[in-house]
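Just one chain is shown here, as structure tokens, and it is the form predicted on its own.
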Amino acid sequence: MAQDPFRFSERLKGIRPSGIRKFFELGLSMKNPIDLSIGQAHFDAPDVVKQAAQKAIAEGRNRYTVTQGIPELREALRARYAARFGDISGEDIMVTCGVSGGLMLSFLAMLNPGDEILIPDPYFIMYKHLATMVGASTATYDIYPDFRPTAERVRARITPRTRLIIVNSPSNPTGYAMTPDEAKGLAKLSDETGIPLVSDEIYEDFMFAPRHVSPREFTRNCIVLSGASKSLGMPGWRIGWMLAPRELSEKMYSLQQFSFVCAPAPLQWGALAGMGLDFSAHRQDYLRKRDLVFEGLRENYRAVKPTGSFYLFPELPNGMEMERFIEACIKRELLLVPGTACSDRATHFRLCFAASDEKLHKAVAILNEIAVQIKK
């Protein structure tokens, strides 16, 4: 018998297909799904952004850019972060292939096999698997039931192997946005322990609280990751960016040269055209959608009211198991993400309210119908 020619790496044993993408693919096979599973804004990229990308293509800006991104976009981002954080002279901006690209570069640059990262529970699933890819492991700090990422909760989980603390605000999947006191506490903890923070801020424009707060406001021991995917309605363009201490970002240039090479050239010009756009109308629209869903479900579902992003993370109806709940939703062509895809617990589910009002009203009706049936 011929030997199987494919020998898979050990790291693949720790990588499972995304439970979230599974429901996205399921939706493609349905005729009329109410798909509230995938995390992307429901609006398209603005015309000015698309036109700038098209213009760049027509003008032949289709070759490699410098690894760290076109200077014009980096300067616009530098001005944006200087306005927020003050002196950033010791730091640098790098354009990445989405926030996921920035996470991968950060992990490659700072983690060795056997190292550990701390992530919140609930969490964005990619954190775990990217750590596995570089030979590191993950430990969680529990933020149930209020989803607050406090320094006390993180400190209790630090071990001698801890090398990075991951924070995500506004959060996927909970919709929670940290307060200034929480950000200060995490910054102080990072300074005391010397463990850097990696702050995933991709939903920073989707804020319902007074303002977005970054731990970087209170410490330089922080890598900030964000991008244009959500707020400019272009997740498929893969344009992200990173603010990091220069000695670290310069190492990441080399890593990007030999991996992603550079972010897509014409699309960097498109993102640049979107830097100064007013997001307030979208923010108000999503605030209204949040209230539509939260108020529509509150009689039958317990949930923490989101202060950012476009997710709600309610508890399952009393007495209902996750598998049975998801099956009941799929039977009605409603697609949600089971909490087990983004948590060590099987008690909640993620609902993305980046959808039309019509679909949200239908989803609320279906979920209430399921909850009422359970009570009978």
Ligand code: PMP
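Just so it is clear, the structure is predicted and the values come from calculations on it, not from any experiment. Start at 1 with the first residue shown and count on from there.
What comes next is about the form predicted together with this ligand, which is not displayed.
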- Query: Looking at this ligand in the predicted complex, do all three of Tyr127, Ile202 and Arg238 come within 4.5 Å of it through at least one heavy atom?
  - Reply: yes
- Query: Taking heavy atoms only, is Gly39 within 4.5 angstroms of this ligand in the predicted complex?
  - Reply: yes
- Message: Whether Asn221 contacts this ligand in the predicted complex should be assessed with a 4.5 Å heavy atom distance threshold; does it?
- Response: no
- Query: Applying a 4.5 Å heavy atom distance criterion, does Ser100 contact this ligand in the predicted complex?
  - Reply: yes
- Message: When the contact criterion is heavy atoms within 4.5 Å, does Ser229 count as touching this ligand in the predicted complex?
- Response: yes
- Have a look at Gln268, Asn168, Ser106, Ser214 for me and say which one sits with a heavy atom within 4.5 Å of this ligand in the predicted complex. Asn168
- Note on the structure: Given 194-202, 180-188, 136-144, 157-165, the stretch touching this ligand in the predicted complex at heavy atoms within 4.5 Å is 194-202
